[in-house]
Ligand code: SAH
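For reference, the chain that follows is the form predicted alone, supplied as structure tokens.
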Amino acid sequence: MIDFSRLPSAAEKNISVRVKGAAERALRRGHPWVFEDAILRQSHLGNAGDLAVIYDREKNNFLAVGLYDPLSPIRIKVLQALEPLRIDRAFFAEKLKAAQAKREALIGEGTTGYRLVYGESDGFPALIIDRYGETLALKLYTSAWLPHLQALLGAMEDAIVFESLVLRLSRALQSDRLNIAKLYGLHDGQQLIGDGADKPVQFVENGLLFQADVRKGHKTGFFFDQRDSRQKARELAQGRRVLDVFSYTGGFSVYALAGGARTITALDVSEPALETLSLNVEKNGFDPKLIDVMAGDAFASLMELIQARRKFNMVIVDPPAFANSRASMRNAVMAYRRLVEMALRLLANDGILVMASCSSRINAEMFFQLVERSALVAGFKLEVIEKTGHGLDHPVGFPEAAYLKALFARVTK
């Protein structure tokens, strides 16, 4: 449970803000961020979570209102634009209902696990909500939400049917610098509503059964964003020996088995994740002898497989984000090139390469060109089967929200 009396309160007086012309135009187009250097003037300094109201410079008309975040270069995270509305429990509830309505089609597909709120694209900047059956995982990426947490939780109870709610905090919010645990009694993995999340929760995706650790697992416990790519891999896996690199808890592996894969070799650095992978395989009724798990660094382990002259008919490479900043771009490109080259060396002729990226700083066009050129340099030809991106529960509401891409290609020498 949570002691709301310990949480900070937003100031009664809103911050009045004027921004540069380019920022005004971006707000009118629906962009949800106002950067620090775009602010021309503001009425007074504010604390995290105070409401900042932006007016246009020409007629002093309302443009937008958002959460003020003095610790972030994204100084104002927009909640509502163009039409003024009161920011309260009812406001959040309506936004949640709209987000839920967008995802109704997933439920009909035999899916009970999905991203219910995808940040800014659903009107909740720097916040996500993932559904795992009757359990919700709420992840915050800014302390600006803390003054509004009581209203938000009330709105969730008004708009969504669920039994259990777990709080997840970004690394920044877990840092000693912010001291959120001591100041407000909040910590990562905290059960806010209900119980039972101390054990793995179960959910269904496209008719397949999975379990996830929503309190301690990476992100919120599972990667819902690759659902469409997993389904495509399922369609292509029949009779193939599959190598699943960065397998985590086995999303791609289970789908490949469901598609009739002959064998699976799953590689991940996390032994607990591989243990969950084995459980997910068994829960879906597949023979555990069909899967071989390898715990280790992806690059070193791939080289071991190459030296052992192993060959696979499908290699799936779904790495973490290599490019989290502009400075890391060069190293990220080099890492992708190495992975493509090693994956190709492990593929049998006419095998299928699945290469994915979740690095937002490397856009889809750049990534697909990188993969195809890397293959060409390594002496392989790629016949593109399909390119996938964001699914229904990860809508791209503005350019920066686009980060996911995957390439499916048949490989020949």
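Keep in mind that what you see is a predicted model, and the values were worked out from it rather than measured. Numbering starts at 1 and follows the sequence shown.
Below: the form predicted in complex with the ligand, not depicted.
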| query | finding |
| --- | --- |
| The ligand contact in the predicted complex: Lys311, any heavy atom under 4.5 Å | no |
| Partner contact for Thr135 in the predicted complex: the ligand, 4.5 angstroms, heavy atom | no |
| The ligand contact at Gly113 in the predicted complex, heavy atom, 4.5 Å | no |
| Ser143, heavy atom within 4.5 angstroms of the ligand in the predicted complex | no |
| The unique member of Lys77, Arg131, Arg168, Arg230 whose heavy atoms fall within 4.5 Å of the ligand in the predicted complex | Arg230 |
| Listed residue that, although the ligand is not shown, lies within 4.5 Å of it in the predicted complex (heavy atoms), from Asp292, Glu341, Glu304, Asp297 | Asp297 |
| In the predicted complex, segment of 247 to 255, 96 to 104, 77 to 85, 189 to 197 with a heavy atom within 4.5 Å of the ligand | 247 to 255 |
| Residues from 255 to 272 in contact with the ligand (non-hydrogen atom within 4.5 Å) in the predicted complex | Asp268, Val269, Ser270 |
